[in-house]
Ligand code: ATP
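Here you get one chain, nothing else, as structure tokens; it is the form predicted alone.
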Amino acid sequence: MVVARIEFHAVARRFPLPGGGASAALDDASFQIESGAWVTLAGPSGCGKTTVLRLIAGLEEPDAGEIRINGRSMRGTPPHERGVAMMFQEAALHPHMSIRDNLAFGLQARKIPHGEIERRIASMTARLELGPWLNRFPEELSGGQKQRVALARALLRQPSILLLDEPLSNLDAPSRLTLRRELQRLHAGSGTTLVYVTHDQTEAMSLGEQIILMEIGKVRQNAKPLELYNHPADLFVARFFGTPPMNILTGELRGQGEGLSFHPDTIENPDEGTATLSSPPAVESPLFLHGLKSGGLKLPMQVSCGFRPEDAAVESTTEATTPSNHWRLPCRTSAIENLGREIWVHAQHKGQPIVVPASNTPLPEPGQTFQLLIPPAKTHWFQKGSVLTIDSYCQ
């Protein structure tokens, strides 16, 4: 099997609008997918994920930029010459054909010898346990069974690139889990470059080696799953991954002696108490302080401070001491969400919403105030939506 490396270089795809002008489904997208990798395209509906698949498959041509497979430009290359198979959200099986005939149809159209077709079908039938269904028709199968047949049909082509467009979104949870495991098993050692589209952040994190996260036609971040989770490039990435999502407090970054302090904004309920979170470590560095002293950095500065719910904790009423290196943020409880295995405390600090896990302490009642403990090393800092950087102030 020939493996395939995919490259996008400043690719744009625009569609005309009824009243004139054009809408950018893809805008200046650049990334590369290594041969044999499993890459997940993630993002909300309408962000351009399916457009990327269609461009790789040759179903559409880019309006700008270049797409290469194995270093060769795909401009003008028809779909059947790209070594690509595509599986859609709907199984799209031929209803008047048996499952065996559905599997054989594409191979017959490519003039594959009959003996080779039978060999491939027998092998795939054993791998995906399709034997009992071969003489049935699509209407006799469940949704999960149809998707398994559609997957087998795509793999029978022995493609160098397999494109999967939200193939599991219409299935129930047990069927999704079963097919996800099946896909991982089939991909391991196959050499096929797999590009998987999903809007489900849990699915994106659990599948594949690389995630390309998109929003409104733009690539927001391209990295390994844990890199996206632990080091988001901007607020969109920070909020997309995590259940519950990252807590975000807006406020001012101010000078405090030789260091810095963060003062959360007051949206409502100013009587909830005050908190000055001092010396943010993400921005406390020689370069940043040099920017302060040289005048390149102007304070106060409007910023956003983020922290994962699991990185914070409700202060215990039974512990004698509180960790000295933690920030203490006064909060008011809004609601308690009991999910059985875990309990989440929904709260506010001066109107800004916060979600944290419940600890072993007595749960704060709705309307009750408590102190939230935040380890400064677990915070993330953003300015105008992007990660707060230092170098731009120190030229």
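Every value quoted in this text rests on a predicted model; they were computed, and no experiment measured them. Each residue number is its position in the shown sequence, starting from 1.
We do not show the form predicted together with this ligand, though everything after this point is about it.
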Just give me the single entry in G46, G351, P357, P362 that has a non-hydrogen atom within 4.5 angstroms of this ligand in the predicted complex. G46
Interface check vs this ligand in the predicted complex: of D311, E182, E166, E203, the one with a heavy atom inside 4.5 Å is E166
Contact at I121, Q158 and T192 by this ligand in the predicted complex, all three, heavy atom at most 4.5 Å: no
Picking from 37-45, 326-334, 341-349, 66-74, which part of the chain touches this ligand in the predicted complex when contact means heavy atoms within 4.5 Å? 37-45
Is there any non-hydrogen atom of Q89 lying within 4.5 Å of this ligand in the predicted complex? yes
Contact between L372 and this ligand in the predicted complex at 4.5 Å, heavy atoms? no
Can you tell me whether V11 touches this ligand? I mean in the predicted complex, with a 4.5 angstroms heavy atom cut-off. no
